[in-house]
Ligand code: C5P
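In structure tokens, one chain follows: the form predicted alone.
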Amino acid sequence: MSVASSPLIFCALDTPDLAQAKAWAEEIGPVTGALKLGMEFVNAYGPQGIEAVQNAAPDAALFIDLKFHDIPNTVAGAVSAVCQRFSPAYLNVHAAGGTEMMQAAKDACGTQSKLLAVTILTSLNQDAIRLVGYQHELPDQVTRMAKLAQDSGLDGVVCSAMEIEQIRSLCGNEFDLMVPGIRPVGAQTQDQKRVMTPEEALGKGASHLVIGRPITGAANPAQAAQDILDSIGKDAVA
């Protein structure tokens, strides 16, 4: 599916259980209009698992969140394989892979998919990035990586809500910001360090929100998704 419908919430189907992922996709996909599949699921079920989710929610846009990070030729091959088979709305790589890698990935992406760069994972804080060797303050490191991704031709970045305003100021309004670490009021933060409510993130300029456990962990996931949409004044897709 193309990104023309511009869904607001990509629901993260973070599970190694194929039947559960299909059930969530069928239930949540028509509400949010968009789903995210990550490494846990794809490593368990591979391309056949992605196809199963697409078949369960054929009208939902898909974000395949595999965070590729390798030498340029290897990443280009991986991106090409995914895009040729599935044409996801979004796919991502790590900005830390550098300009040459990101450019090769973008060249391999095709016209139906947008390519994002991961900046700094939302599970990391200032102390954690210093331990891995980044010397800049966390917001500055994120914006440096976002600008590098934009200069490399990518369509946007994955970033925490805390850096939205700085990236918007530096990269402009056409640069897509896919924002995980979103927690509705009252939800547990779990392993996320840099979180924000949907209303706050959108107010700062997020393009799309990634929300997983507050939806999939609810007794009624479809209703939980609709409640979040209602809280930000958006209607369901279907």
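Numbers for residues come from their place in the sequence shown, where the first is 1. Not measured: the values here are computed from a predicted model.
Missing here is the form predicted in complex with cytidine-5'-monophosphate (C5P); even so, the following discussion is about that form.
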> Are all three of K106, K114 and G156 close to cytidine-5'-monophosphate (C5P) in the model of the complex, meaning a heavy atom of each within 4.5 Å?
Replying inline: no
> So which of I64, V53, A61, I211 gets a non-hydrogen atom within 4.5 Å of cytidine-5'-monophosphate (C5P) in the model of the complex?
Replying inline: I211
>> Taking 4.5 angstroms as the heavy atom distance cut-off, pick the stretch from 168 to 176, 203 to 211, 22 to 30, 42 to 50 that is near cytidine-5'-monophosphate (C5P) in the model of the complex.
In response: 203 to 211
> With a 4.5 Å heavy atom cut-off, would you call T122 a contact of cytidine-5'-monophosphate (C5P) in the model of the complex?
Replying inline: yes
> At the 4.5 Å heavy atom threshold, is P198 in contact with cytidine-5'-monophosphate (C5P) in the model of the complex?
Replying inline: no
> With the cut-off set at 4.5 Å between non-hydrogen atoms, does A224 touch cytidine-5'-monophosphate (C5P) in the model of the complex?
Replying inline: no
>> Does any part of H69 reach within 4.5 Å of cytidine-5'-monophosphate (C5P) in the model of the complex? Heavy atoms only, please.
In response: no
>> Using a 4.5 Å cut-off on any heavy atom, which residues of 8 to 38 would contact cytidine-5'-monophosphate (C5P) in the model of the complex?
In response: A12, D14, K36
